[in-house]
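Listed next as structure tokens is one chain, alone, in the form predicted on its own.
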């Protein structure tokens, strides 16, 4: 029976390095939360503490209402799929799947029943007597997943489970993994550095940076409404423009935007940073007509990306922005390199009142 998992104020220190810094996160029963962040941000450390492979410096871990951070790994009822799969090379598929059940003293009949169920569920029945070396990468990943699921854990932890696979296999297994997780209804935490994977698989996404969770939300809100500068810059591409508050609006060059609710009351002339996704610009060829609340510039370059075209635009104030438009729109509106354009912002989100840009602009 699946149960929620919760960490409260979890901290992990190595000498003078704080790998996890007061992390709190709750994953509901049957929910899949992806933990997204760059290498070294503490993602894998979080999993190792939840599983019991390491002991936290401070904080608590709860499985449902039961505190479990004092328990050894084998008593936590948590399945762990390692990044490198950690299959036993001398054991065949059947024996790898049965291993966890044997050390837990399951009967031979029960072991055989559960392993046969796993083999069928994972599409590995005809691979049961093969050693890991004779399996494809995708098959090895399924065996490792099956071994983690064999004892019927309350929680499943997945550490970069698809990173070792090539792109086509990874895409197919994402769908298989998501369907399996939903069918089993098992509470799951999946660590990844792949943004597409995090958004596709996660009911919610937790974005980590330097040992802290900076935002937890559904994927669309993470993308559209980043809570911090790091989230805005790390997730997807973004343009960072300098602006100023004046009379209830935010201005950047001649671009004018309504001020968001949480910045209302900000004093006039307060400098801000404006974060705009490349697809949230509206472009038109420049004419003699007045374009109120818009920026002007010249298209410097265009990059073909299949159905989309990426445009670099040199604004009249010497800043460069990056926009994405459909291939059809570039033709119908004459949006080609060398053309002068007028630019509006379709949507924007201000996340800081500091002045110097803190991240690289979209490319």
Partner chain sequence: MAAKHRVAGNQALVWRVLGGVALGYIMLLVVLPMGGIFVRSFQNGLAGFLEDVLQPAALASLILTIKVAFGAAVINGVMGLLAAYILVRFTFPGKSFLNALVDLPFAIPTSVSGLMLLAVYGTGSPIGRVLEGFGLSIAYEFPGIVLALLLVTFPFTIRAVQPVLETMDRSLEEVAFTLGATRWQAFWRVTFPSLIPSVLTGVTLTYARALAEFGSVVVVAGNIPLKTQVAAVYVYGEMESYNARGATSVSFVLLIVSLIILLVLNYLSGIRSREGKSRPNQEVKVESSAIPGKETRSEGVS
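Treat the numbers as computed from the prediction; the structure is a model and nothing was measured. Superpose the two forms; the largest set of C-alphas matching within 1.5 Å is the rigid core. Residue numbers count along the first chain shown, from 1.
Although not depicted, the form predicted in complex with the partner chain is the subject of the following passage.
**Q** Heavy atom within 4.5 Å of the partner chain in the model of the complex: which of 117, 166, 175, 126 fits that? Just give me the one.
**A** By the 4.5 Å heavy-atom cutoff, the listed residue in contact is 166.
**Q** Heavy atom within 4.5 Å of the partner chain in the model of the complex: which of 249, 221, 104, 108 fits that? Just give me the one.
**A** It is 104.
**Q** Picking from 260-268, 133-141, 241-249, 207-215, which part of the chain touches the partner chain in the model of the complex when contact means heavy atoms within 4.5 Å?
**A** Answer to the contact question: 133-141.
**Q** Residue 58: heavy atom within 4.5 Å of the partner chain in the model of the complex?
**A** Although the partner chain is absent here, residue 58 would stay clear of it in the model of the complex, with no heavy atoms inside 4.5 Å.
**Q** Is there any non-hydrogen atom of residue 275 lying within 4.5 Å of the partner chain in the model of the complex?
**A** Looking in the model of the complex, residue contacts with the partner chain do not include residue 275, since no heavy atom lies within 4.5 Å.
**Q** Given that the partner chain is not shown alongside this chain, does residue 82 nevertheless sit within 4.5 Å of it in the model of the complex, heavy atom to heavy atom?
**A** Judged by the heavy-atom cut-off of 4.5 Å, residue 82 is in contact with the partner chain in the model of the complex.
**Q** Going by a heavy atom distance of 4.5 Å, is residue 203 a contact of the partner chain in the model of the complex?
**A** Outside the cut-off, so no.
**Q** Give a yes or no on whether every one of 63, 67 and 345 sits within 4.5 angstroms of the partner chain in the model of the complex by heavy atom.
**A** Zero of three within 4.5 Å in the model of the complex.
**Q** If you look in the model of the complex, which residues in 305-343 sit within 4.5 Å of the partner chain (heavy atoms)?
**A** Contacting residues: 305, 308, 324, 325, 326, 329.
**Q** State yes or no: after fitting on the rigid core, is the Cα displacement of residue 66 between this form and the one not shown at least 2 Å?
**A** False for residue 66: its C-alpha shift is below 2 Å.
**Q** So, superposing on the core, is the move of residue 308 at the CA at least 2 angstroms between this form and the one not shown?
**A** True for residue 308: a C-alpha shift of 2 Å or more.
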